[in-house]
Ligand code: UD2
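The chain that follows stands alone, in the form predicted alone, written as structure tokens.
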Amino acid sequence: MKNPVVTGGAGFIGSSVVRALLDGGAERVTVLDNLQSGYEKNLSDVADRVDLHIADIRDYDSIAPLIAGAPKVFHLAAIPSVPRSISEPVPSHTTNIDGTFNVLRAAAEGGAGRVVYAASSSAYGDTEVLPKTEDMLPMPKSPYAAQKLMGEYYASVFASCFGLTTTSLRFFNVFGPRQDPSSPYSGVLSLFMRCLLERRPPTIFGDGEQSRDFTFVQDVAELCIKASNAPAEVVSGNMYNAGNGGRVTLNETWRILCEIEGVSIEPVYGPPRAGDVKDSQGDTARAVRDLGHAPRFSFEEGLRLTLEWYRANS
């Protein structure tokens, strides 16, 4: 049998999915990544058990033979940035929509067993109702949100029209080790970590009272595996929230980090960013029921583990 495939497997979340697969018994994992936002070093400790192919999901001919016959495909390759999708909409579109179509097509035509697709909670938009439930009308505010939503629709259509087993997971604000803080498009917690270790104030866009459902990356990776193992007749074509079910403001997050580190640093505030939502919190009842979702890490525990990693690898 061929190896499971992880697109974007050299990235932050993808490399955690690779480790979860190996920890769960996979002998080897096939990784597809163009290394534009992923890094070989993210897989350095498991490199002897990974087949890394430097390939771009926008190139169907290069990825189709690698996906064909795979028992499971975890599609995490993307340009995962709201601001970048606004400033550079074309590459964001071609990667997140055309690339996703290519992965699904390659899986369907190549007889792959199942595709788990990394969707995004940004599809909910800025609706005031909390927590967000899967039956709410999506209201994307950015090209990125619209692109990831289209990926969900395509995954569902490939299930209903082409018999491909698919499951979409709407990731909320994932954080943890290996998240790159060097880019202006990086997740807020990776930027907070760098600022904390360098003893300088972070810039918080807006008033800092926007809240997020922060989810530790290992919990997300384990949920991806659970989604890939759940009964097809229950989950195929469906979408599930992949958050923790809680929410914390950015101001409170920075305060907790300062307490962990034993410092007092006041943040700097900037103008709100285009496309950002005010509050995000996912209802995880369906994921608990159908996928066995059971996050193991509290927010503070995840912060401590992440900070330890950044300190050791800064």
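Note that the structure is a prediction, hence the values are computed from the model and not measured. Numbers follow the displayed sequence, beginning with 1.
The form predicted in complex with this ligand is left out here; the points below concern that form.
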Exercise. Quick one: which of 166-174, 229-237, 102-110, 69-77 gets within 4.5 Å of this ligand in the predicted bound form, going by heavy atoms?
Worked result: 166-174
For this session: Verify the contact flag for Ala55: yes if a non-hydrogen atom of it lies within 4.5 Å of a non-hydrogen atom of this ligand in the predicted bound form, no if not.
Result: no
Problem set entry | Distance check, Asn42 to this ligand in the predicted bound form, heavy atom within 4.5 Å | no
Exercise. Is Leu250 a contact residue for this ligand in the predicted bound form, using a 4.5 Å heavy atom cut-off?
Worked result: yes
Exercise. Does the 4.5 Å heavy atom contact test between Thr284 and this ligand in the predicted bound form come out positive?
Worked result: no
For this session: Tell me, out of Ile86, Leu196, Met150, Val188, which residue has a non-hydrogen atom within 4.5 angstroms of this ligand in the predicted bound form.
Result: Val188
For this session: Report the residue, out of Val82, Leu223, Val217, Ala159, that has at least one non-hydrogen atom within 4.5 angstroms of this ligand in the predicted bound form.
Result: Val82
Problem set entry | Heavy atom distance at most 4.5 Å to this ligand in the predicted bound form, all of Asn241, Arg289 and Ser298 | no
Exercise. Which of the residues spanning 273-288 lie within 4.5 Å of this ligand in the predicted bound form, based on heavy atoms?
Worked result: Arg273, Asp276, Val277, Ser280
